[in-house]
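As a starting point, one isolated chain is supplied in structure tokens, in the form predicted on its own.
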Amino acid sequence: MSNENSNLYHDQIVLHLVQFAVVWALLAMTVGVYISAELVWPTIDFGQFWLSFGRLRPLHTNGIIFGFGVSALMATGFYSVQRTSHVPLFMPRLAWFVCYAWQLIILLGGLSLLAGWTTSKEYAELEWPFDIAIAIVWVCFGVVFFGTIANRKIRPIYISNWFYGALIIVIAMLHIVNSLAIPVTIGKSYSLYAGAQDAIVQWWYGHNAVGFLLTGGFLGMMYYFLPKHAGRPIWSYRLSVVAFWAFTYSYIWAGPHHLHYSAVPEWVLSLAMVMSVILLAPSWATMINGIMTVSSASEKLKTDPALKFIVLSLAFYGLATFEGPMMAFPSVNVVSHFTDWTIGHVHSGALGWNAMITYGTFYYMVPRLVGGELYSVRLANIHFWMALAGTMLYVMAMWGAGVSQGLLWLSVDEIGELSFSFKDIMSSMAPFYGLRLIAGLIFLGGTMLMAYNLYKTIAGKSAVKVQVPAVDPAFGVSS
């Protein structure tokens, strides 16, 4: 690396990761809309196994979480860690490897799911060759990120980097432990765990993948881009640090609340429920911290679509992190579990929190990466209202379906037999599933608008060369 390049941020990598994230969002959301249509018209799989709900559903979840979500986290993590450390990325060639190797894993992994290769573990469906590849690339991601922090010229480690760091460390631990398996063939393995032990390990992984990737990682995004875009310092830095440690120590225990009414020790379930409720404190502390940060920038909020997305995402974050602990109570869980209520809860977070904060961040970051203006503020505002409408319709449809399912399945006659058959209940879901399909189409349409808007913003441009600021080593601040 030349001396000239050592004084420049490596933003071309960031720009490529943003583009990959948008492509995965479009593909995975299209698959999601298609499988929601299959629940309305089951015959549109045309008798093809690779178009069946069972194969497309994990393709949808893996594409969204690991294609769109992780690519966005890598992009924003690489962008913000350089600027909060005042140094370029450590080992930029390794960062390029991470960028492209991750996309190759998602592409080949998606094809393997269509071919029927699956471990059947939720959010961990990919078979053992991909598990090994994921671990290698993830460690490389960590080397780049923590190497950059180690070289920093700013002594304090900003709070966003704490969350990105927790994302990298904890997800590596979860992935490796949960993926331990005995390979049988290139496309088939069996988990090293069995029975209830396997279920506990899976949901220790599954819920914490939500916690440290879809929550912790995106909180890192929020803590950098919200104050940066609002032009205000974070309202309470001390509160953000306290919330980080409370979040980290509480979340790791909450996973078994997915296993109520199963052959899991009662003390494990009780501990998970208690920790789920405790999580309300750090979650809402973070939401309040973000809202208070932007409270004095109300004029900018009225006109800036990027800031609208980020602030709205905080509202959905607060709602989702209230609903989750409530669903951990057995009295609520007996109604909600194995119903579409859970699907609604997941998507209130995935659409309302993860997607919206990412959209707002991209609208802020992409014009700055290419040194220009957003192609169309009007299209971004239309996207905002489409995203809000799509999310609200989706969540309401799934809440209605889920509560109906739960109550009907619990209904028994005078001799204790079920009052309604599974077939009867599911046939009554058609209106809810139709509304979900409409909601998904609206949300996907908004995402397409964003993709077009960002494409026109980037067209014919490359990432501008940004000089690393000079820093006075005696004070650790820009000179």
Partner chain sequence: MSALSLHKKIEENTGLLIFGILLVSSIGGLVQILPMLGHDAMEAATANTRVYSAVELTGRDIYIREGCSVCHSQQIRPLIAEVERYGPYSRAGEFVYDRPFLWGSKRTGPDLHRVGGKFSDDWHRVHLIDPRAVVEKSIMPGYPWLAKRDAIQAGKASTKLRALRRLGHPYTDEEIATADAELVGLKEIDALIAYLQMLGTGLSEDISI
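Computed from a predicted model, the values in this text were never measured in an experiment. In this text, the rigid core denotes the largest set of C-alpha atoms whose superposition between the two forms falls within 1.5 Å. Numbering follows the first chain given and starts at 1.
Below: the form predicted together with the partner chain, not depicted.
- Task: Work out which of the listed stretches, 79-87, 321-329, 230-238, 101-109, brings a heavy atom within 4.5 angstroms of the partner chain in the predicted complex.
- Result: Checking each option against the 4.5 Å cut-off leaves 230-238.
- Although the partner chain is absent from this view, report whether residue 157 comes within 4.5 Å of it in the predicted complex, heavy atoms only. Although the partner chain is absent here, residue 157 would touch it in the predicted complex, with heavy atoms inside 4.5 Å.
| said: Quick check on residue 31: any heavy atom within 4.5 Å of the partner chain in the predicted complex? | reply: No, residue 31 sits far enough from the partner chain in the predicted complex that none of its heavy atoms falls within 4.5 Å.
Worksheet entry | Interface membership of residue 433, the partner chain in the predicted complex, 4.5 Å heavy atom rule | Within the cut-off, so yes.
Is it the case that residue 445, even though its partner is missing from this view, gets within 4.5 Å of the partner chain in the predicted complex, heavy atoms only?
Close contact is absent here: in the predicted complex, residue 445 is far from the partner chain, nothing within 4.5 Å, heavy atoms only.
*Among 283, 289, 179, 339, which has at least one heavy atom within 4.5 Å of the partner chain in the predicted complex?*
That would be 339.
Has each of 43, 120 and 343 got a heavy atom lying within 4.5 angstroms of the partner chain in the predicted complex? Every residue of the spot touches the partner chain in the predicted complex.
Only counting heavy atoms and a 4.5 Å limit, does any residue of 154-172 reach the partner chain in the predicted complex, and if so which ones? Heavy-atom contacts within 4.5 Å come from 155, 156, 157, 162, 165, 166, 169, 170.
Residue 424: with the rigid core matched between the shown form and the other one, does its Cα shift 2 Å or more? Stays below the 2 Å threshold, so no.
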